[in-house]
Each structure stands twice: as structure tokens, then as C-alpha cells.
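In C-alpha cells, the next block holds one chain alone, the form predicted on its own.
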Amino acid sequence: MINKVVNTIDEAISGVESDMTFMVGGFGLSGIPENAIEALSKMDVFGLTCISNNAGVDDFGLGLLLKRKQIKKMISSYVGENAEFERQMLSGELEVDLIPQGSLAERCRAGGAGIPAFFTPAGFGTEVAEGKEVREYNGKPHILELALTADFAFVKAWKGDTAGNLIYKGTARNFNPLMAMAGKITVAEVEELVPVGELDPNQIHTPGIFVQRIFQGAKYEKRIEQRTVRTKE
């Protein structure tokens, strides 16, 4: 059995260079690869194109890379709670391609499945459809969307084994399984790393065939993007 474990974070992100395209799993701050992002924020790599649902917050997650101006283009569906993301987008410093959330998920899944493009009704009649081919199916207009792939995909799972098989937990599953399929090199960080055979095959969400490198994260802050609590009555 192939052992895909890397022992250091530097080994995990080895090969990342300026001007590359990479995917980052997560939704808000749920299920983001915290350790990989922090390590990337300390590298001298710039001009990156990042495919991610959103960009974290100003001082955490992908916000760390935006703060250092490492990202030149965001392909995402939500600006979120990141004021720096909003500022760079409105000032023209950051190129942003905003995509309907379902279309973004399907473009990643299609890329991982080897499907080059697909038609969807989402976005027709809006700026999203500008310059795209339109066809009618079942009496409804659909626009052509191209699949997305990346040089690297960074994902976060709850458990993984040394062969790269992954299990996600709760809402942290989100974009991670789709993006794990679509990276030329997929790097998975996990909270718990176990030997092959420890995971129930019926519970595995991402088969190890899609993962090239795996490591156990050193720490997880697991912040909440926007905490809302009920006041005492």
C-alpha cells in the first residue's frame, strides 16, 4: 500500500510557485485547511489564482494571503465577512469572478470527473451569462459553464488514513470532496491520521486515489465566522 504521509508542512506544500491556480476547501471558516493556508501565507509566492467559496475573514484563513497581496484573482461565490476582500475587489486591485454557488460546486466536481463543460440554467439573464453559449433544454435557456481544475487542491478532513482516504465531519464536508478530485496535486490535512484499515470503507467520502499528500494538522482554531447568540429574556 502506498504511504502518502508527509512529515512536515513544508513537504506538504512543496512545489507551490507564483502564478499557480489552487483550490481551497471550506465554507466560511468551516472545514478550511488552516495549517496549509497559514504555511502558504509565509511563502514568497504571488500572482495566485484561488478557487474557493469565499476568502475567510481579514485575519484568518485566506484573508492572510489577501493581506499580503499574494492572490491576484479569486474565483468564488461569496465575498463574506472579509473587508479586505471587498476593498481589493472594489478598488480593482483584485480580479474577482463571482459564480453562483451551485455552479461553482459543479464546475469543481466536473473538473475532477473529467467532464470539460456542462449547461445550467443558473445565471441566465444576469452578468454571469455574458459571453457564454446559451442553449435551450426543456423549454428553458441554459448557459455553458466550463469545468475547473487546479495545480494544487488544499482540503481539510476529520479523519484520514495513510493511503489518503478521507472522512469529513458535518458541514465541514462542503466543498472539500469536490475540490479533492480536481487538483493535479491534492494535499489533505486531517485532525486524526490513522493506519490503513482503520476507516470503515462505507464511511469514506474521498477515496485515496484523489489524494497525493496527507498530514495531521498541528492545531485547529476552528473559528466561527459570525457568532450569533440569543440574548437572555
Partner chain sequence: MALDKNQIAQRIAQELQHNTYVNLGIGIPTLVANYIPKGIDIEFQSENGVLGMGPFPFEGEEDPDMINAGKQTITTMPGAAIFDSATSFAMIRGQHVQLTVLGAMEVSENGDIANWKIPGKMVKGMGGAMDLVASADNIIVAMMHTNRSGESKILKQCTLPITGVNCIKKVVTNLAVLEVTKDGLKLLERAPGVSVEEIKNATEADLIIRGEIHEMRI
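Residue numbers count along the first chain shown, from 1. The term rigid core refers to the maximal set of C-alpha atoms that superpose within 1.5 Å between the two forms. What you are looking at is a predicted structure, and each value in this text was computed from that prediction instead of being measured.
Omitted from view is the form predicted in complex with the partner chain, to which the following refers.
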{"property": "4.5 Å heavy atom contact, D151 to the partner chain in the predicted complex", "result": "no"}
{"property": "Partner contact for T126 in the predicted complex: the partner chain, 4.5 angstroms, heavy atom", "result": "yes"}
{"property": "Touches the partner chain in the predicted complex: T171 (any heavy atom, 4.5 Å)", "result": "yes"}
{"property": "L146, heavy atom within 4.5 angstroms of the partner chain in the predicted complex", "result": "no"}
{"property": "Option from 196-204, 42-50, 59-67, 28-36 whose residues, in the predicted complex, bring a heavy atom within 4.5 Å of the partner chain", "result": "28-36"}
{"property": "Selected contact from L90, A117, V134, A113, since only one has a non-hydrogen atom within 4.5 angstroms of the partner chain in the predicted complex", "result": "L90"}
{"property": "Stretch 79-95 - residues with a heavy atom within 4.5 Å of the partner chain in the predicted complex", "result": "V79, G80, E81, E86, M89, L90"}
{"property": "Yes/no, N7 Cα shift of 2 Å or more between this form and the one not shown with rigid core fixed", "result": "no"}
